[in-house]
Every structure is written in C-alpha cells, then in structure tokens.
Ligand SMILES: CC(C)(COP(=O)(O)OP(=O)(O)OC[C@H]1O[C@@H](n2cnc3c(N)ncnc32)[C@H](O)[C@@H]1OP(=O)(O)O)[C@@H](O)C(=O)NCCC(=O)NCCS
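Heads up, the chain below is alone and in the form predicted alone; it's given as structure tokens.
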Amino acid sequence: MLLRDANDEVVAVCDASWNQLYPDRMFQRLTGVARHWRGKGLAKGVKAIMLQLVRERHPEVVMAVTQNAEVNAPMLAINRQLGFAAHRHDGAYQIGTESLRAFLSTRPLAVPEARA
C-alpha cells in the first residue's frame, strides 16, 4: 500500500505479504509515514486499508502477524486500536565495538589446547 501526495511524493507506505504455505495468515512488515506527514492518522489509515485489501483478496486469512519495537509507542497504539494483541515478546540485543573491546580486555585470551 503506497500513498502519494499531489506532487507524487511518497507520504505513507504499508507492506504486507501472503504465502500459500500459510493460507490462513498474512505477514505485515513495514508501516511508515514521511516525517512531515506524521501525526495525522495516516499510518493507521494505510494499515487499515491494507488489512481491508488482504481481506478482500484472501478471505481465507484469519490472522495478521506483525512485529513492533517496544519503544515505538505510536505504532503500538495503532496496532492496539486495530485489534492486534501481543502474542510473544522477543528481544534483540546489541553491543558497541568499544564496549565489547573493553569487556574482552578484562578476560584472559583463550588458547586452544594442542592435541598429541
């Protein structure tokens, strides 16, 4: 789903996919709104239209699967308003190279044993 303004600039986008291996579900990936268009309800609008289009084209779909960062409060609110509910909470962790280097500098270097 792609929404453009009168100048043909992208305003909002919503991406979803359907796979015949899982005919009862669709996977919604990206919902995005150009920065200067935010706060106008466009994300909720394009996502709702996308869900409606999926329903029309694939009536066998009974489940929509999406993922959302816990820190993305606006998208969490939209998903709740549209009826999405948390199914599972996953975590993604990262460490910067400087922090990793500092941690590793406190550990002895592991040397593999020689085999006879």
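Counting begins at 1, following the sequence as shown. This is a predicted model, so every value here is computed, not measured.
FYI, the form predicted in complex with the ligand isn't displayed, but the following is about it.
A.B. asks: Closest heavy atom of residue 53 to the ligand in the model of the complex, within 4.5 Å or not?
C.D. replies: Contact with the ligand, no.
A.B. asks: According to a 4.5 angstroms non-hydrogen atom cut-off, is residue 86 in contact with the ligand in the model of the complex?
C.D. replies: Outside the cut-off, so no.
A.B. asks: Whether residue 59 contacts the ligand in the model of the complex should be assessed with a 4.5 Å heavy atom distance threshold; does it?
C.D. replies: Output for residue 59 is no: heavy atoms all beyond 4.5 Å of the ligand.
A.B. asks: Although the ligand is absent from this view, report whether residue 26 comes within 4.5 Å of it in the model of the complex, heavy atoms only.
C.D. replies: No.
A.B. asks: What residues in 71-110 sit within 4.5 Å of the ligand in the model of the complex, counting heavy atoms only?
C.D. replies: Those in contact are 72, 73, 74, 75, 77, 78, 81.
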